[in-house]
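Quick setup: one chain, the form predicted alone, written in structure tokens, and binding and motion questions come after.
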């Protein structure tokens, strides 16, 4: 019997985990990506704020199990009605099952003036090169006002915004510049961290470290000559060093029918099955979809695990679980944990949790291959949002 063809577009965490959890004796698995390298994106943070030189990339082909194929190509168009994807270099790809796992695309051009700032200063969300660019500015900074924050409500990894502010404050204190620096964290949300249970944990830390918060700050324009960021509400923030996470959008690919994407090109998908709206043979996993949950690596991981089961004919669904590591600096960290049925748990930071986050960086490549699955299964079992909310609600 001819094997079913599974086409996975995107060699990020979600795409690779899906590929490595499919039976290549039963399925013809192909991963397509325009780059032949996979990056451990959470480490961008430590390049930008600590100047880390750790190698965080590996060839995608080396991260796939035997029997799974990798093709370096850029997909320009997908026709869901015809089960065809069109590559810029390698022609037409036919499939029986499709999974789109293309992540997000930074779009600094959405905001007037942001392109100039983005090109000059970089950021800590989008690439190794932009993180290195930002570190070059931070390492030379001598004092003044640093404006750090997000320019759009939609972004990858919500904890990373404050992680950047915390690690920045720690760095400035270590190099003796804290008293010479004003740190202003701007956010479109009403509080430092959007989810109130976690905000109760981190807001006292924000105040203790002297980080000013400008809530309800929706970035409208940036003037790189006057060095000001202006909000839609009319507030103005003057800076000496801008650290602005750009807005992000969904895939650049043309998808037929166009109705499966929203106005920001994110792909409409079922929140439990990840099936693209109107199609049983096509899925959108990870940051590229419209699921009502955080855009994070662990979320993409769990969505990919569920899709691998569904494709192989076994019942599975994604429960909305998020499990975002959150470095609060000074050797402590926590995790932002929730699911569709339970709010974010007020999980306090500890040194042990920081060690766990650092360990994740070491075993990351194992998670892509599936060899770390037993570790994750046990962790998720003992840290369900329901259990943690009951534990810490009773503690209060």
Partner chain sequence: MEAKIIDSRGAACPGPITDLAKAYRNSKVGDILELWATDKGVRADTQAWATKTGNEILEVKEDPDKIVVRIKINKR
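Bear in mind that the values here come from a model prediction, so they are computed numbers and not experimental data. Numbering follows the first chain given and starts at 1.
FYI, the form predicted together with its partner chain isn't displayed, but the following is about it.
Trainee: Looking at its partner chain in the model of the complex, is some heavy atom of each of 191, 216 and 344 within 4.5 Å of it?
Mentor: Judged in the model of the complex, 191, 216 and 344 all sit within 4.5 Å of its partner chain.
Trainee: Is residue 340 close to its partner chain in the model of the complex, meaning a heavy atom pair under 4.5 Å apart or at it?
Mentor: Judged by the heavy-atom cut-off of 4.5 Å, residue 340 is in contact with its partner chain in the model of the complex.
Trainee: Consider residue 158 of the chain shown here, and say whether it contacts its partner chain in the model of the complex, taking contact as heavy atoms within 4.5 Å.
Mentor: Judged by the heavy-atom cut-off of 4.5 Å, residue 158 is in contact with its partner chain in the model of the complex.
Trainee: Using the partner position in the model of the complex, report whether residue 322 sits within 4.5 Å of its partner chain, counting heavy atoms only.
Mentor: Contact with its partner chain, yes.
Trainee: Is it the case that residue 233, even though its partner is missing from this view, gets within 4.5 Å of its partner chain in the model of the complex, heavy atoms only?
Mentor: Contact with its partner chain, yes.
Trainee: In the model of the complex, which of the listed residues (195, 167, 206, 276) lies with a heavy atom within 4.5 Å of its partner chain?
Mentor: Answer to the contact question: 195.
Trainee: State the residue from 228, 312, 79, 154 whose non-hydrogen atoms include one within 4.5 Å of its partner chain in the model of the complex.
Mentor: Contact residue from the list: 154.
Trainee: Based on heavy atom distances of at most 4.5 Å to its partner chain in the model of the complex, which listed stretch, 63-71, 38-46, 353-361, 332-340, is the contact stretch?
Mentor: After filtering at 4.5 Å, what remains is 332-340.
Trainee: Given a 4.5 Å distance limit between heavy atoms, list every residue of 289-305 close to its partner chain in the model of the complex, or none if there are none.
Mentor: Residues within 4.5 Å: 292, 293, 294.
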